[in-house]
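Below you will find one chain, with nothing else, as structure tokens; this is the form predicted on its own, and questions on how it binds or moves follow later.
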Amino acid sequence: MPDTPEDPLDDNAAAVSPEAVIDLLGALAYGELVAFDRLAADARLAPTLAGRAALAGMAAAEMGHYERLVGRIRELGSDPERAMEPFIVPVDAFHEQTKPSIWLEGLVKAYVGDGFAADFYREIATLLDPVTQKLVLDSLADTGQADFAIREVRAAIAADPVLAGRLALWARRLVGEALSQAQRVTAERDSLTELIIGGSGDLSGVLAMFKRITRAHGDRMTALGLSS
């Protein structure tokens, strides 16, 4: 189990266990670290220098988020490496199973796949204390990949409409894998399961949360010009 934070959380998060907060921050921190690695690698696959520079800038922003999350874990009296350790296997497995084979698949993954996960974490963030909540929301903020991905994918589809079907199938696979990953992580971390169910009120609240996330996913697919 993660170390128990020493600093008390305020009344806004009175019902949230310290373990759940550390687990959430650990999951996010490791996700940001992997995002940095992935975007830096994808930048080298960019067909243009402008694309390479754009992804490199996004990677730098992800590292900044990582440092802030790690700093908050330390503020709460826990060790960042211990907080991230439970999430290494499931996060790495997700990325191993969803390696893009072309540049455009990487962009769709950064926009659709990461966006789906971000919406999930935003829902949970509403249950946290104001300081941690703001940090989580800042870490999930768009670093420029949305407009860039939309522009690049739409231009590619306009030039080759056949790509639309391939990328739509890829996006659906990403979401399916992301859901499996989320279920695996929460099943193994009781604190996160309790946080999600407790914060949602009951099963109907959980279902309502996933409906909101699904709607947001549909909006992203529409923005890319893809069918959901």
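Heads up: residue numbers just count along the shown sequence, starting at 1. These numbers come from a predicted model, not from an experiment.
Not on display, but discussed next: the form predicted in complex with another copy of the chain.
- The single contact residue among Ala164, Ala40, Ala46, Leu179, judged by any heavy atom lying within 4.5 Å of another copy of the chain in the predicted complex, is Ala40.
- With the partner omitted here, the residue from Arg68, Arg52, Arg184, Arg173 that has a non-hydrogen atom within 4.5 angstroms of another copy of the chain in the predicted complex is Arg52.
- Within 4.5 Å of another copy of the chain in the predicted complex, a heavy atom is found for all three of Gly57, Ala60 and Ile88.
- Across the options 101-109, 79-87, 149-157, 125-133, residues that bring heavy atoms within 4.5 Å of another copy of the chain in the predicted complex belong to 79-87.
- A residue is said to contact a partner when one of its heavy atoms sits within 4.5 Å of a partner heavy atom; Ile196 fails this definition for another copy of the chain in the predicted complex, lying far away.
- Using a 4.5 Å cutoff between non-hydrogen atoms, Leu192 does not count as a contact of another copy of the chain in the predicted complex.
- In the predicted complex, at least one heavy atom of Leu33 sits within 4.5 Å of another copy of the chain.
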